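As structure tokens, one chain now follows by itself in the form predicted on its own.
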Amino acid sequence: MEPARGSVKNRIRQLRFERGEMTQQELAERIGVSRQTVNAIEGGKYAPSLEVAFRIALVFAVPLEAVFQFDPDAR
């Protein structure tokens, strides 16, 4: 059996700066997580829970797929 492939990419940094240079701390407070968690999600080191992903999309008033994209070919 071949190992699972794919990775989740995100546009959080771009969306933060499009929204008046929102800081990671400001986003963290609005979604109920630590700044370190936002940093890890934004940097692709950590995949958020579905609930946190929806909260992020709500903060930016965009659909979930405008924040997160799945790349099935990435390892």
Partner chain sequence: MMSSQAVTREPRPGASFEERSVWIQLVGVALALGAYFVVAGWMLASGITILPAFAGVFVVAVVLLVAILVGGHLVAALVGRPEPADVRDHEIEWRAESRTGWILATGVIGAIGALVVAVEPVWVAHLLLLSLYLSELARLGLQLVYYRRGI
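Everything quoted here is computed from the prediction, not taken from an experiment. Numbering follows the first chain given and starts at 1.
FYI, the form predicted together with its partner chain isn't displayed, but the following is about it.
Asker: Give a yes or no for R35: in the predicted complex, does one of its heavy atoms lie within 4.5 Å of a heavy atom belonging to its partner chain?
Answerer: Because a heavy atom of R35 falls inside 4.5 Å of its partner chain in the predicted complex, the answer is yes.
Asker: Does any part of V62 reach within 4.5 Å of its partner chain in the predicted complex? Heavy atoms only, please.
Answerer: Contact with its partner chain, no.
Asker: Considering only heavy atoms, tell me if V52 and its partner chain come within 4.5 Å of each other in the predicted complex.
Answerer: Yes.
Asker: So in the predicted complex, does any heavy atom of N10 sit within 4.5 Å of its partner chain?
Answerer: Contact check for N10: no, nothing within 4.5 Å of its partner chain in the predicted complex.
Asker: Taking its partner chain in the predicted complex, which residues of 8-29 have any heavy atom within 4.5 Å of it?
Answerer: Sequence-ordered list: R11, R13, Q14, R16, F17, E18, E21, M22, T23, Q24, Q25.
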